[in-house]
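For reference, the chain that follows is the form predicted alone, supplied as structure tokens.
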Amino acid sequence: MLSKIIHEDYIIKAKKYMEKGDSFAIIIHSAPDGDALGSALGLFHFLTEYGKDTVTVITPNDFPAFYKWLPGAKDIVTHDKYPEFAEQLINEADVIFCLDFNEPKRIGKLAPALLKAEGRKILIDHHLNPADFCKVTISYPEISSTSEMVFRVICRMGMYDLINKKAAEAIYTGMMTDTGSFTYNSNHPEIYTIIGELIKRGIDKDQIYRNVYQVYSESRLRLMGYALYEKMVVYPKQHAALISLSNEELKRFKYVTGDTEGFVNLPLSIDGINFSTFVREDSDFVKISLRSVGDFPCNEFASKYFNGGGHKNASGGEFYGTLEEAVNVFVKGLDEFVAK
């Protein structure tokens, strides 16, 4: 039996909108990760099972190849490939679900279409400080993942039986990836109650793990080796580590979307390291990923130095400047933050 964390009023309103709606758009954040994709596709399959024929998942840009096995992934509409079609779908939707992001800027160029759309908007998320842009905001940062939130919402609506195997596979994938395979933000016993229910739906959790974490390209493995051997810097005094990669280095290893996912976790395998940061140069900015174990609040570090945020043990941010400048900010911040 799951605790009733979600306020009853939110469930009643969301269910009412869902029952009356004929067309649905499900929007997720830029550079979608496993939780964004898992929550969206889990909801997609649930709505389809519920009898809704017009349901579309829309993402601002492409996602890693190791998530494209997910049932329904081939039908996702990517805005940077089909901008007019994606915006039309949002404009025509009766109900718009906003999953795994807490403010419109997280969906990049999709934001204007979302904000001007007249469809009823429902936010389901687990990040701190959600902006006020939806009619219903279901946001609980203490929950491990948005995929877990989607499962809880469906159950609170009394529709657990409509979670089929496809939905269960997607939801499990989101829960698994957003907790580092249940190595952080995953101590609550109800997480494992949910996993048990998903297994009852016929999922093969071992195969899902292999699909996500053990099917890599040769170039990704070589990039990983280079990042660890040539680019990892360890700061023993601060119990921290940093990996940074430039665009030139990424191109050398034939980088494609998703090739560096998980790199930020690698230094945490070193004895005595409890804070790891990965800095990657992008086209318009420098992407910052932060992970920690134990009590180190990497979300506070992300907020203070990289205009970011997230969870205590898993956070992100952005830096508008050069890669070298971003690294310098990290090094200076590390001395200041750890010494405080």
Ligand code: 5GP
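The model shown is predicted, which means the values in this text are computed figures rather than measured ones. Counting begins at 1, following the sequence as shown.
If you look for the form predicted together with the ligand, you will not find it shown, but the lines that follow are about it.
From the list 267-275, 57-65, 41-49, 285-293, the contact stretch for the ligand in the model of the complex under a 4.5 Å heavy atom rule is 285-293. Checking Arg106, Lys121, Lys166, Arg220 against the ligand in the model of the complex, a heavy atom within 4.5 Å turns up for just one residue: Arg106.
A residue is said to contact a partner when one of its heavy atoms sits within 4.5 Å of a partner heavy atom; His127 meets this definition for the ligand in the model of the complex. Within this chain, Pro297 is remote from the site of the ligand in the model of the complex, having no heavy atom within 4.5 Å.
In the model of the complex, the ligand sits beyond 4.5 Å of every heavy atom of Leu70. Within 4.5 Å of any heavy atom of the ligand in the model of the complex lies no heavy atom of Val279. Within 4.5 angstroms of the ligand in the model of the complex, the stretch 313-332 places a non-hydrogen atom from each of Ala314, Ser315, Gly316, Gly317, Glu318, taken in sequence order.
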